[in-house]
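A single chain comes next, written as structure tokens; it is the form predicted alone.
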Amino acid sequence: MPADGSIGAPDKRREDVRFLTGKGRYTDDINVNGQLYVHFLRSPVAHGRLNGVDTEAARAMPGVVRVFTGDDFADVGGLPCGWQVTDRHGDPMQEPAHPVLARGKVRHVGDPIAAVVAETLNQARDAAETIEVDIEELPAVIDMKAALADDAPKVHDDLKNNLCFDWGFVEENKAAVEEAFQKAAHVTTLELVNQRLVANPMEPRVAIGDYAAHSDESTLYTTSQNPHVIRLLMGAFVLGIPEHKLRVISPDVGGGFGSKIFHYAEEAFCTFAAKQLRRPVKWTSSRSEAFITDCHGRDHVTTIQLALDAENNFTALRTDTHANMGAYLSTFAPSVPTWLHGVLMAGNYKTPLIYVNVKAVFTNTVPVDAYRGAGRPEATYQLERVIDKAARELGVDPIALRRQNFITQFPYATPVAVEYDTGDYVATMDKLEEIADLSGFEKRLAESKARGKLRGLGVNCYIEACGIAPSNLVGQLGARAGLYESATVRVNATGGLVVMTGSHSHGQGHETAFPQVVAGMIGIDPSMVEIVHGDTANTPMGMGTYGSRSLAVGGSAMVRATEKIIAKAKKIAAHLLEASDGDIELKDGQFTVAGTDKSVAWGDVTLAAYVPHNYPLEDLEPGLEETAFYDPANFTYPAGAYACEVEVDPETGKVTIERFSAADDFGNIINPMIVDGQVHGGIGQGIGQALLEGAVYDENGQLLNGSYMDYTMPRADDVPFYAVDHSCQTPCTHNPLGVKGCGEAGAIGSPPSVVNAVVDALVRAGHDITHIDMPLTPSRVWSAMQG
């Protein structure tokens, strides 16, 4: 095992010391002198005409400084969407306005109507209760297919209908796919739902706006995964603030899972109000607010078909999906069911023809955007469920069917426009069979039967695209921002380093893994490396953290900047050692002239950089600081194979997960302990989706389970101990670290394995069941068993 501090060592997370001792600094811990508090009055109905908002009584309440309504934002831009999708006919998507405060209509329960700013939060709440709102309630449209009917109520009156876009990919494959299905020896069809989820990070969202009149500078403190993107979107498109006059600070963030990527109305409001009032303005979300304001995830309804020839080779695949956008387009919402979903429909398999159709639909619900995995869990779930169903229809082993159709030659260009650079799906399946002890399943099956339980085994494979990139490609696909990453490495005179990165941590362990990379390159202890992130004033422009891009993109930027540092340091060392810089080697913090015992320590070279009494001034400037921007050449493609064993109680339908095994290929591993933790967390969230979670709306658009009393997240006793392995490593070929990303794998690979296992258990018990939609609650499973 690598030594502590080196790349590949399981170093403990240094940031956990402050988190576990209560020394973390979260946004709600920040209080600015003289701050006011805001409470938002939100729509109690899902769809309604906003005929009037009477704030007179509220303005007269004690402590109230000002009450804002949508009219105060008449000259302010709406929240922008960061990704434009062109539909299969070549037309741009329908892109409605998204006001900071509602104007004219409310479009989902929780839509902000007015905002009361007061000296205390209680005063703001009390005043908000006195606001009289005249809402003419309109019929709400919740069901996506119903929303596309000609007579459906329109969420946005200025749009043609509720269809955001009708996307087909790859459109030129469509006719060939149709022909392949006509010629197929067997076709398996499956209809399934990937239900809506609430992200539920531990820390609710917070925003604090501050304004300095003397310099005309605005500062926003916010719980964000990408502060630079918030600055760009809010400054340029909403409030019209030049970037050099706008600072965004995101301190410690307690989880995000995608929900804190996006620019939200509350951030713009607090920044705007602070300037208007010349006092800081603070908002802290309640958990109830989070359920109806934070972007939700998933919410796809799909029909998928798989065509096979007489030898059980996959010949074609086609899907038809309805994807819910909610009432407005969130920051990256259009990319999730399209470019983060459709391009992964090949999975691990050499299916030659694929066609994906996605209809994105507006409804009177909370907006939907990226949630851990973002499109890839949806693709994997569809594909791995239909393969399992095909295996059962054909009477063949589901693992053997997968193995037969694995991609085995790399690089591999899929029919959905991406190229996998490396992988070994046979090796991960071999490893899975080993760590899951699949050969012992029959014995465990008999033991369960003896106890009156039904036991099932579910297996699936996954592949995902991480490190979303490159900028020139995603720009062609509709991204309105680049997807590079940046780093500045500053070396102090005494040899310590400060690395300023555009990546942002919200639980990934950046402050531990990033120093391992930089320190490993130089040969010093990681404690000499400090990581700075989360403040646009102190870090170079970066795109933030999501899509498992931190190491693959952010880490690569650090490598490039450190390489520049080392190159300059070698020139200084060469001068001190009276040698050519081409002969200088750096190892274990020592610069050595190759083939000699002449050396100089890292600290001596860094001191010479800042005390240049003996320095090659004719060639170099003093100092040791470098910046690099890294724009990746391709996505990275982590892959793996998962196995789940469940017991089902035939009397109640309750599902218990007895064993769970995961064999992943993440390329090179920087810190295996952190990787284990990321996989464990992702599997837990995937199990939550498979068995417990799901946001449920009634026909009037009311969220029926909008609190922890009703929304069921997994607890410790809902998940087993995991067998996790990531020894199958095929390094990425196009980033300097050879890493692929691990943050979303567990959430991608686990739902289909759980559902496959439950269906397997019921079929083994003689039930004629082909599918049960998630979540597989006891009532759903019991009902399925009753036929």
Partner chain sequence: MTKVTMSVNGTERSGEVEGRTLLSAFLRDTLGLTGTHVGCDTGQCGACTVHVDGKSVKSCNMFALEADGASVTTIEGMANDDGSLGVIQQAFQDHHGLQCGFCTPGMVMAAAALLKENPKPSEAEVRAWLSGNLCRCTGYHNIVKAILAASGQDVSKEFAA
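Numbering follows the first chain given and starts at 1. All values reported here derive from a predicted model rather than from experimental measurement.
From this point on, the text means the form predicted together with the partner chain, which you will not see here.
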query: Gly22, Gln678 and Tyr708 all contacting the partner chain in the predicted bound form, non-hydrogen atom within 4.5 Å; finding: yes
query: Interface stretch in the predicted bound form with the partner chain - options 58-66, 732-740, 717-725, 42-50, non-hydrogen atom within 4.5 Å; finding: 717-725
query: Contact label in the predicted bound form: Arg764 to the partner chain, heavy atom within 4.5 Å; finding: no
query: Contact flag, Lys12 vs the partner chain in the predicted bound form, heavy atom cut 4.5 Å; finding: yes
query: In the predicted bound form, Met673 touching the partner chain (heavy atom, 4.5 Å); finding: yes
query: Partner proximity in the predicted bound form: Asp210 to the partner chain, non-hydrogen atom cutoff 4.5 Å; finding: no
query: The unique member of Ile531, Ala199, Met144, Ile565 whose heavy atoms fall within 4.5 Å of the partner chain in the predicted bound form; finding: Ala199
query: Option touching the partner chain, based on a heavy atom within 4.5 Å in the predicted bound form, out of Ser288, Thr130, Asn700, Gln590; finding: Ser288
query: Those residues of 505-543 which, in the predicted bound form, come within 4.5 Å of the partner chain by heavy atom; finding: His506, Gly507
